[in-house]
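Next up is one chain by itself, shown in structure tokens, the form predicted on its own.
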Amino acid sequence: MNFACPVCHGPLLVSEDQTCLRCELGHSFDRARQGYWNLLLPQRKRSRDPGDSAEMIQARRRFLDAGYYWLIAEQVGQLLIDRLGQDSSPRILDLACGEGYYTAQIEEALNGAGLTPELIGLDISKPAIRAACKRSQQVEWLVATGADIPVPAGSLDAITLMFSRIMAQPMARALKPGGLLLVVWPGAEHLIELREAIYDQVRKRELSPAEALSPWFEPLHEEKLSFDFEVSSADGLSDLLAMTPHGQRIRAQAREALLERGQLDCHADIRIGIFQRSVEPAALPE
């Protein structure tokens, strides 16, 4: 996979021993011992340790590995196979990949369909990428910012964005003309039982990324995925809280009452949208 220097945006070349990336102007980046590349410049950080904390990452890993959201991963993998199956080696970026659960599931699904994808998992959180390195040695893991994706312009066939912030222009710049963006976001009823246990009033907002993605992307497909699942332990409920913004907003009394229940029937209300890059490179701002 080709990368671009986050300093000068020139191409980065891998050293013969695979331990260093260097551009023609001499900017260099060493591979971490865990196997990832750190391409996040200090001036692009908004805090000392940006992104999710190690505690949040471990909670998300435990929750996802328990299989609660496997239907989401399965459907994302199938949609990518359906759309990219004619390309035997698609270049795919999982943006804001977190601890790599969905990235690894995408890799497994595409490999199972006979494809050999070039996969990148990118997140601004160093603890997240360190955890992700344990999921796959074939994925190229990056600590970087999605506001300045360190790949050559027009080099990706697809980007996946799972439950994360829309950054339309950087994504459009990284994708090939006609490249695909697959976005997953929560519907109005997502985790409604958890929200009702936390808040006195629950706002049911129906979100859509289409407006934020215009005019860089055209919508191709949207579908709804709904299913029910049971979190049957206090530890599972604690992990669910920790991996969502609700865990930072819940009052101590409400948290204690929820964990004392030790069980919660939950409803997953998921939206999956596929968009196509519609803007030519000349129309994209530098």
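All values reported here derive from a predicted model rather than from experimental measurement. Residue numbers here begin at 1 and follow the sequence given.
Not pictured, yet referred to below: the form predicted in complex with a small molecule.
Q. Taking R60, I124 and A144 together, does each of them reach the small molecule in the model of the complex with some heavy atom inside 4.5 Å?
A. Yes, because R60, I124 and A144 each have a heavy atom that approaches the small molecule to within 4.5 Å in the model of the complex.
Q: Could you tell me which one of V139, A109, A73, A96 places a heavy atom within 4.5 Å of the small molecule in the model of the complex?
A: Contact check passes for A96.
Q.
Looking at V231, L39, L64, L241 here, can you tell me which has any non-hydrogen atom within 4.5 angstroms of the small molecule in the model of the complex?
A. Of the candidates V231, L39, L64, L241, L64 is the one lying within 4.5 Å of the small molecule in the model of the complex.
(Q) Given that the small molecule is not shown alongside this chain, does M162 nevertheless sit within 4.5 Å of it in the model of the complex, heavy atom to heavy atom? (A) Because a heavy atom of M162 falls inside 4.5 Å of the small molecule in the model of the complex, the answer is yes.
Q.
So, M167 and the small molecule: in the model of the complex, are they within 4.5 Å at any heavy atom pair?
A. Flag for M167 set to yes.
Q. Contact between Y102 and the small molecule in the model of the complex at 4.5 Å, heavy atoms?
A. Judged by the heavy-atom cut-off of 4.5 Å, Y102 is in contact with the small molecule in the model of the complex.
Q: From the candidate stretches 30-38, 248-256, 218-226, 52-60, select the single one in contact with the small molecule in the model of the complex, where contact means a heavy atom within 4.5 Å.
A: Among the candidates, contact is made by 52-60.
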